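Take a look at this one chain, the form predicted on its own, written out in structure tokens.
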Amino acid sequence: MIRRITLLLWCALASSAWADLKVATLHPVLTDLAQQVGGKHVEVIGLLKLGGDPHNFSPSSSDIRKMSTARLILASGKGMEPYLPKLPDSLTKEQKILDVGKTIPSLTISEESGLFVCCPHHSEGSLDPHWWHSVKNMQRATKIVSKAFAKVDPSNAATYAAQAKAYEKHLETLAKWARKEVAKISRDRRKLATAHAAYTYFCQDFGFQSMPVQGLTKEREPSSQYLADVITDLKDNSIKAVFPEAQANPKVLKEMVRGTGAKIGGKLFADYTGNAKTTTYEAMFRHNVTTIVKGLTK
């Protein structure tokens, strides 16, 4: 009897440890998405840990070893992973890389688009890779990941499709909540000033104009002339708040808002890797919407 119970327990543990499909992810957004679509049939190996910065991440030798057992590697694309073209050299022929963002419509930093209050010269024409700040894009990504899982693991295709459909429905509920919250901000106040250009897709969905005061690269130290130009733009556009990212240096932003009438708003998350409370896409999105509404309605 004891032997039988032991055998059943071993089988239960083994079945939970040995998933039907192993997937490695190069961005935390995709880690959450893979878990939502894959459920118990997929073991997800998230290479970027809590507190990591996707902009500065590059797979180490230990990361390569971790992904060696994965059949599928998910990348966010749009230039977020500059090492991506060389990554196949470290993989086997059986392993596949899925560029999730490849077929998702791109947005570039341009004054002509109408999405920007102003555009830093060093970022004009650059691509914003943060496509997940649009819920519609996350729904597109859900379909893309579901089809990829089904292709690699056809025996669970129906389950992946059902779980993807359920998650898409959940995302639609999230979008409805966000629209209701954003409606609290009057149209004339919908100018989203942030440290760097990570929220273009959010601005397009919710009728904001973006003002990325540090451009695409948050590490860049602005020149005195650039700093003066930004201060002028903040004043001319009656910007109410400038929102830093969780990992941004607040000193530069404080210099920018001094004497402009703008305040430093709450911290936003571009990639949700900096806070234990925002370790899912939904948590990050809700946090950002709540922070923006609070900062622009007071």
Partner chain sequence: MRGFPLINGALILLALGLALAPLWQLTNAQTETPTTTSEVTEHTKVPTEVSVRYAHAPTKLTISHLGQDLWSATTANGINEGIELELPLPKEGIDLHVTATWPAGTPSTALEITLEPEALPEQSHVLWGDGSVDDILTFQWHE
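Predicted model, so just to flag it, every value in this text is computed and none were measured. Numbering follows the first chain given and starts at 1.
Another form exists, predicted in complex with its partner chain; not displayed. Remarks below refer to it.
- In the model of the complex, D188 approaches its partner chain with a heavy atom inside 4.5 Å.
- Proximity of K93 to its partner chain in the model of the complex falls outside the 4.5 Å heavy atom cutoff.
- Its partner chain is not drawn, but in the model of the complex it has no heavy atom within 4.5 Å of H41.
- With a 4.5 Å cutoff on heavy atoms, K180 counts as touching its partner chain in the model of the complex.
- In summary, among the residues S58, S68, S238, T232, the only one with a non-hydrogen atom within 4.5 Å of its partner chain in the model of the complex is S238.
- Interface residue among K184, K147, K102, H170, judged by heavy atoms within 4.5 Å of its partner chain in the model of the complex: K184.
- The stretch among 148-156, 129-137, 189-197, 84-92 whose residues place heavy atoms within 4.5 Å of its partner chain in the model of the complex is 189-197.
- Proximity to its partner chain in the model of the complex holds for all of K176, R258 and G261, with the criterion being a heavy atom within 4.5 Å.
- In this stretch, 23-45, not one residue has a heavy atom within 4.5 Å of its partner chain in the model of the complex; the partner itself is omitted from this view.
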